[in-house]
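Consider the single chain below, provided in structure tokens and representing the form predicted on its own.
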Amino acid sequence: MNIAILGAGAMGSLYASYLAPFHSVTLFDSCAPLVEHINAKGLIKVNHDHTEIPLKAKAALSGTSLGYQDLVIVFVKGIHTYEAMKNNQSLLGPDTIVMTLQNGAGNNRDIAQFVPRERIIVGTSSHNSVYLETGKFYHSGCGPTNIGPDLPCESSLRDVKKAAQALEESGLTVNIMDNIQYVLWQKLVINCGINALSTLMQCRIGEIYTNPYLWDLCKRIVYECVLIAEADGTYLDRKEALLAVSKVCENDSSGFASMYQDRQNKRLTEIDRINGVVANLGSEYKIPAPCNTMLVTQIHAIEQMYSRQ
């Protein structure tokens, strides 16, 4: 397949490392030095045992016209989804499948402004990847890729199976989900419980579980999410939701949340697409979400202070 990956960050590069040996893959990014580096030197993947694997990769500046693609995978930060889709419309043919594996919620709505919903696949990735330096990333956690149609119909299900086959041929574990909204809420709860806390405390993911004070706060965040998810039409068992968060903390204990990496590099975060979604829905359903609301305020306060640091 001809595959375009929008966003050459840690996750986009990770998926390119799986897909590129089996498909024609191009990473698209708005950062010219990064694109030049990838084309000249490729990528370096660092595994758990700290072995380094050099990888050949192709990259292009966002907006470059390479013709219609069979599959476009969106990995830019949620706040940049609309802009990335707008700038890369030349990649979208009448049969192009667009798949979002981004953190947060609402990305599918931005994509739907450029692609019919029946050609959109939504999903989550259980992999964790951390950018170490330009073109070099640490694969800190593994897991399945869960996908499903944004608008269930016969043609959408065919596209989901086609995309799943491409990923599986590349060595990725894929689950096709009937109730993808349940999976999306599960992933959102995990992100809500981990990302902002890791960012505020400037700690590794595992420390959220091992520090009793942080874990107590994480519980409060997760329980708010569970109540609001149910009001939104998706039931989550709160013990199971908390267990899912603890497993991520254990499995990715040495990793850092992507939002924490944003803070280190003084970039705007995806807080509005993560805890902000829960806070806003809580307001809509008249369900208090003080912990999630406070996290949004604190992260935005940190962003405002970047210029002073």
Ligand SMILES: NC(=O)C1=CN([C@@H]2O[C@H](COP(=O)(O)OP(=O)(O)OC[C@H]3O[C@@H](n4cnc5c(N)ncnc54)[C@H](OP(=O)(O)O)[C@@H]3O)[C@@H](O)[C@H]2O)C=CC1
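The structure presented is a predicted model; accordingly, all values stated were derived computationally and were not measured. Start at 1 with the first residue shown and count on from there.
The form predicted together with the named molecule exists for this protein as well; it is not shown, and the discussion that follows is about that form.
D237, E168, E230, E83: which sits within 4.5 Å of the named molecule in the predicted bound form by any heavy atom?
Only one option qualifies, and that one is E83.
Contact assignment for the named molecule in the predicted bound form, among L91, A105, I120, V76, heavy atom within 4.5 Å:
Answer to the contact question: V76.
Could you tell me which stretch in 222 to 230, 177 to 185, 95 to 103, 149 to 157 has residues with non-hydrogen atoms within 4.5 Å of the named molecule in the predicted bound form?
Comparing against the named molecule in the predicted bound form, the contact stretch is 95 to 103.
Any non-hydrogen atom of S246 within 4.5 angstroms of the named molecule in the predicted bound form
It does not: once the named molecule is placed as it appears in the predicted bound form, S246 has no heavy atom within 4.5 Å of it.
4.5 Å heavy atom contact, S258 and the named molecule in the predicted bound form:
Although the named molecule is absent here, S258 would touch it in the predicted bound form, with heavy atoms inside 4.5 Å.
Contact label in the predicted bound form: V25 to the named molecule, heavy atom within 4.5 Å:
Because no heavy atom of V25 falls inside 4.5 Å of the named molecule in the predicted bound form, the answer is no.
4.5 Å heavy atom contact, A10 to the named molecule in the predicted bound form
Yes, contact at 4.5 Å.
Partner contacts in the predicted bound form for 26 to 58 (non-hydrogen atom within 4.5 angstroms of the named molecule):
Read in sequence order, the residues that approach the named molecule (within 4.5 Å, in the predicted bound form) are F28, D29, S30, C31, L34.
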